[in-house]
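Shown below, as structure tokens, is a lone chain in the form predicted alone; questions about how it binds or moves come after it.
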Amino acid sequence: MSRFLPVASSVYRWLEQRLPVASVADYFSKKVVPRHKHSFWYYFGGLTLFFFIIQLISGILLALYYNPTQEHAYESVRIIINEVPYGWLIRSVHSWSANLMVGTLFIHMFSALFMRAYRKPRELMWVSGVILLFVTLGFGFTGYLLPWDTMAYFATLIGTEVPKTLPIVGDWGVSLLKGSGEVGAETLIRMYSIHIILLPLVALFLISFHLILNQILGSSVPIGTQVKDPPVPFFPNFLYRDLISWVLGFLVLISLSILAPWGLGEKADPLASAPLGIKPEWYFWPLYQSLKIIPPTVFSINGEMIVNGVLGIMSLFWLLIPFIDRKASIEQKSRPFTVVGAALVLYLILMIGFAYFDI
């Protein structure tokens, strides 16, 4: 031990001459997190980051064996599950962590909405977070086709047709994803490239930006909430609690992966008929159910166009909430946005429930 200390001290001095180690350590030693009755919701942001890290690690391991071609994609996934040591576990971890990441991201987003965490000067934190939600859904959509089984193929076939009704960008977006008129080899390689190259780069940039803003601006305190003294030191107290939430998240993840391993259906046959009961992943069920409920035409307007139009308007509204809700910027409560948020939560729950029970 006595021999190790001089070496560690030398390494620290070497790093300090080249990196602001002492300044960073001093910053985190002084940073505090406000303590109040809603502090619990802060941990879901860290949990979302944890599941994203799991996605990166497990995704890299899967990419070592995956073959993104129409002829070999299904077989490579089958080999990962049945022949690669612990391959079934890595794939299950990747799939379950994707679902858990979406779930914690939704909780984090709605808690930020109800606590008015988007108000001045945190507008860009909200904007970057909403864009990260869109990127995360993009991960889910582009990754769904990769196993090339029957359910994934036909769900993607249907999903890529949905945006066609959008004016101007509809046909262009579908062509960008498919690469041709049908879901085939070119679609698979495009989805794979977007999934493992484009979206991770965008996500890493946005996450870094989001985290930097969080460190600079600190955690938002809900309007009218009484802050307790003393605040929680970020290091080591809050970081220690954050790590506990990561451990709990890992236990849930590994339990799901072992007890309910992610399966693989039959190999996709583009010439076969679409099987009954095709559904996307659960986080796309509200869109799926909305398209299912609305009539084909409403007042001579295409039903899909109406759903896509409403979705586009709502997405833009959601992105611009910090700039629309001016009352939140002057420390006033703005009940209409609470009502909108609660209505959206209720709508999502109802649509997911209807889709689950095939109502």
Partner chain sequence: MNDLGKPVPSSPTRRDFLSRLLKFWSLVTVIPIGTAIIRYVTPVQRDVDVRESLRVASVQDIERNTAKIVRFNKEPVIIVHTRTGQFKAFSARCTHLGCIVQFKSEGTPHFICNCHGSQFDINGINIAGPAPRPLSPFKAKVDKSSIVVSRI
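Numbering follows the first chain given and starts at 1. Remember, it's a predicted structure, so these values are computed and weren't measured experimentally.
There is another form of this protein, the form predicted together with its partner chain, and it is not shown here; the text below is about that form.
- The contact residue chosen from M115, L256, I158, I207 relative to its partner chain in the model of the complex is I158, the criterion being a non-hydrogen atom within 4.5 angstroms.
- Taking a 4.5 Å heavy atom cutoff to its partner chain in the model of the complex, the contact residue among G218, P275, G263, P236 is P275.
- Of the heavy atoms in F250, none are within 4.5 Å of its partner chain in the model of the complex.
- Interface membership of S175, defined by any non-hydrogen atom within 4.5 Å of its partner chain in the model of the complex, is confirmed.
- Interface membership of F154, defined by any non-hydrogen atom within 4.5 Å of its partner chain in the model of the complex, is confirmed.
- A residue is said to contact a partner when one of its heavy atoms sits within 4.5 Å of a partner heavy atom; S180 meets this definition for its partner chain in the model of the complex.
- Contact annotation for the candidate site: F139, I212 and D242 all lie away from its partner chain in the model of the complex (no heavy atom within 4.5 Å).
- Between 49-57, 34-42, 314-322, 291-299, the stretch whose residues reach within 4.5 angstroms of its partner chain in the model of the complex through a non-hydrogen atom is 291-299.
- In the model of the complex, not one residue of 90-115 has a heavy atom within 4.5 Å of its partner chain.
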